[in-house]
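Only one chain is shown below, in structure tokens, and it's the form predicted on its own.
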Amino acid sequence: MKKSTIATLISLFVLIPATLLLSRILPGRVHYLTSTLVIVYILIPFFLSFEGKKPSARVLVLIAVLCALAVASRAIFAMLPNFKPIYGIIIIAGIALGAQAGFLVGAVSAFASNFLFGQGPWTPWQMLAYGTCGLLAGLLYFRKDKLPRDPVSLGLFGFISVLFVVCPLLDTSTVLTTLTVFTPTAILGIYTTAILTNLIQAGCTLVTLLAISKPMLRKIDRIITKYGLLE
């Protein structure tokens, strides 16, 4: 197993959950520190994925552009709070650039967009949820010899991953950051009242990937091939 894969698993299943739980215990406004630590945890496997070589400036610029597009896609639809094309952009980033880059784009875009929508104890959880979305896309679709990249398949993947991975993580964040007394009724109430919102977000991701996944991936693949970014 590659060092970057091991580092990703440690970050995802050990370091980030431990930091999120610790942030709930510590007093004061520690979400900025927690968010910074999450980004650091993600950067380590990202740089290890280049196997000792420094990522080129062109790769970093491409990742930055995808982060900016993700943030813009969330900001443009701010008047529709449950309609978030951002997940579709993050998935496309993971498919085109790999699991570590997808995780990085998701986490950074969540952190950056919250300067518009408001930072808080929910921010690190959003970084984890958005990043996991990009990570799964990279694991399943990064190489063209893996799962098919047609818009329908990607749309269905986006719908399922948002509905059953991203949204439950965000709902868990709501449980942990809003409830002071944990009872089965209160916890179940949060998860059940979020079902409609989650379906809308998953449906938005489906529509986004059906509409833009093919042209965006074609353009990104052309850039990668032209400049040999991932060689």
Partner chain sequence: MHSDGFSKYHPLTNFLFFLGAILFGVLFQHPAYLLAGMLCAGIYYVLLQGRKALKAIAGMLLLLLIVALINPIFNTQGSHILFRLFGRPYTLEALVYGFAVGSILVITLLWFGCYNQIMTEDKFTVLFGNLAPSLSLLLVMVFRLIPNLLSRARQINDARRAIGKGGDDLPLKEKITQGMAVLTALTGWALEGSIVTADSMRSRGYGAAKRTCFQIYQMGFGDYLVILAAVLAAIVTIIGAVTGATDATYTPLLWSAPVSFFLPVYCIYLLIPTFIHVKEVLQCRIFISRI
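Numbering follows the first chain given and starts at 1. Computed from a prediction, not measured in an experiment: that's the story for all the values here. In this text, the rigid core denotes the largest set of C-alpha atoms whose superposition between the two forms falls within 1.5 Å.
The following text describes the form predicted in complex with the partner chain, which does not appear among the structures shown.
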*asked:* Even though the partner isn't displayed, in the predicted complex is Leu15 close enough to the partner chain, meaning a heavy atom within 4.5 Å?
replied: no
*Are any of the heavy atoms in Ile89 no more than 4.5 Å from a heavy atom of the partner chain in the predicted complex?*
yes
*State yes or no: in the predicted complex, is some non-hydrogen atom of Ala112 no more than 4.5 angstroms from a non-hydrogen atom of the partner chain?*
yes
*Going by a heavy atom distance of 4.5 Å, is Thr178 a contact of the partner chain in the predicted complex?*
yes
*Position in contact with the partner chain when the complex is considered in the predicted complex, options Ala194, Leu33, Leu170, Ile200, heavy atoms within 4.5 Å*: Leu33
*Flag this candidate site as yes only if Ala7, Ala129 and Phe157 all have a heavy atom within 4.5 Å of the partner chain in the predicted complex; otherwise mark no.*
no
*Return yes or no for Val165: a CA shift of at least 2 Å between this form and the one not shown, with the rigid core superposed?*
no
*asked:* Pro81: after superposing the rigid core, is there a C-alpha shift of 2 Å or more between this form and the one not shown?
replied: yes
*Closer or farther: how do the Cα atoms of Met79 and Pro124 compare in the predicted complex relative to this form, given a change of at least 3 Å?*
farther
*Tell me whether Ile44 and Pro124 end up closer or farther apart in the predicted complex, going by their C-alpha atoms; the shift is 3 Å or more.*
closer
